[in-house]
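The chain below stands alone and is given in structure tokens; this is the form predicted alone.
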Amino acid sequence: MTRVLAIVNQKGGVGKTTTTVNVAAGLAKADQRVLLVDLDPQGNATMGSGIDKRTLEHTVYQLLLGLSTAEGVRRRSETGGYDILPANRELAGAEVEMVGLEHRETRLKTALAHVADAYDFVLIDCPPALNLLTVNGLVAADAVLIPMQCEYYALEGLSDLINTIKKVRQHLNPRLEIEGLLRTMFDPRNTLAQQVSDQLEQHFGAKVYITIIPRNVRLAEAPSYGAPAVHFDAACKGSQAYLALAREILHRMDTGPEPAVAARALAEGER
């Protein structure tokens, strides 16, 4: 059964796209069939997958407006080993144009319904904002993966995001859940980072991934070569962490987090 994950954080610069691209490539390395949906007008996931966003004729923009199908938009990332629905700056206008359309919050979900069965995982790279594009991602998803840095402002942003997830679950997508919180760009020498990490574990328990993504220059370099880091330099610490995360995601699919802890985590997060 297809698992649809929205990778979401309204705060920019937290490693959201890096996480989406490398988890997609890591899952593909584990023989999973993966579709990446670039829902960010910046198109960074598209470029990081080795596809030139400037030359695209059909993108997620046309998909959301009903001008093309998922089959017509879909491209193959040869450097990542997965399929992708790419995006470019055209997508920035989609939010305004969708306002007057029927079922504006469910357009991505409807479009994905035609191709989702062909994949084990669909990963949606949402924009760094809680806007209509992000809502489309949340409505289409089964669960949310939240990458975040361990710093003070990240905790405030997390509260806003959880409130949004709760509202989407109440009104648009009752099956939506939190898949996990991922600590990114982590520096163990930073006392504040350690403190925030401890707070996340206390409040969210098993919802916090065991895997931690370290600060790593190779993760930052890989997009300029149009390849996920797990292919660009599979031996670097950042790539090894994302490969471990892919394995952890697959393990959770089989076993799930400890039920009592997970239930408490969601209850604490939604207060």
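Residue indices: 1-based, along the sequence shown. Source: prediction; values computed, not measured.
Just so you know, the form predicted in complex with ligand ADP exists too; it's not on screen, but the next bit is about it.
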item: Partner contact for Leu65 in the predicted bound form: ligand ADP, 4.5 angstroms, heavy atom; value: no
item: Contact of Asn216 with ligand ADP in the predicted bound form (heavy atom, 4.5 Å); value: yes
item: 4.5 Å heavy atom contact, Val14 and ligand ADP in the predicted bound form; value: yes
item: Contact of Ala220 with ligand ADP in the predicted bound form (heavy atom, 4.5 Å); value: yes
item: Interface segment, criterion being heavy atoms within 4.5 Å of ligand ADP in the predicted bound form, picked from 47-55, 65-73, 29-37, 207-215; value: 207-215
item: Interface residue in the predicted bound form among Leu130, Leu158, Met185, Leu176, criterion: non-hydrogen atom within 4.5 angstroms of ligand ADP; value: Met185
